[in-house]
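Before any questions on binding or motion, here is one chain by itself as structure tokens, the form predicted on its own.
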């Protein structure tokens, strides 16, 4: 592990919790979609809890930046950060608009994308000058 990775605010227990939570909601939504079920309360609560975790991760990153730390690729980092906090609300709105099995499929898809964005966020922080 490099020095940058050791000091990364987006690489820790909160990131791991966000990834695991997102994958759990994705599995639940996939089961619902396969069973031809619309999004249920568990999916919406899961999205809300995921959003809280992602907002906490965002606050940690912004506090680190305010303290003088810098991501390796600032443009990409902030792009991924904004995308990350927008994903759960987007899934919520689209799933509410589509109260069929496809709403559950939307939740599943977004919850599969979120962990990838968290990992990319970690990678863009750790880049050392390209």
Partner chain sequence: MVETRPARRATNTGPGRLLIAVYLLFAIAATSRAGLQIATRFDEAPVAYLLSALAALIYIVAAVGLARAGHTGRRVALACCSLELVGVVAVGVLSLADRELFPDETVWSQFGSGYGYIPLVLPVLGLFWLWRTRRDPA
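Numbering follows the first chain given and starts at 1. Quick caveat: nothing in here was measured; it's all calculated off a predicted structure.
Separately, the form predicted together with the partner chain exists; it is not shown, and the next lines address it.
A.B. asks: With heavy atoms only and a cut-off of 4.5 Å, decide whether residue 109 touches the partner chain in the predicted bound form.
C.D. replies: Taking the distances in the predicted bound form, the answer for residue 109 is yes, it comes within 4.5 Å of the partner chain.
A.B. asks: Is the gap between residue 68 and the partner chain in the predicted bound form 4.5 Å or less for some heavy atom pair?
C.D. replies: No - in the predicted bound form, heavy atoms of residue 68 and the partner chain never come within 4.5 Å of each other.
A.B. asks: Would you classify residue 19 as touching the partner chain in the predicted bound form, given a 4.5 Å non-hydrogen atom cut-off?
C.D. replies: Residue-level check for residue 19: no, no contact with the partner chain.
A.B. asks: Though only this chain appears here, would residue 113 touch the partner chain in the predicted bound form if you measure heavy atom gaps against 4.5 Å?
C.D. replies: Yes, residue 113 lies within 4.5 Å of the partner chain in the predicted bound form.
A.B. asks: Based on heavy atom distances of at most 4.5 Å to the partner chain in the predicted bound form, which listed stretch, 22-30, 73-81, 39-47, 52-60, is the contact stretch?
C.D. replies: Correct option: 73-81.
A.B. asks: Mind listing which residues of 82-99 have a heavy atom within 4.5 Å of the partner chain in the predicted bound form?
C.D. replies: Heavy-atom contacts to the partner chain in the predicted bound form: 83, 87, 90, 94, 97, 98.
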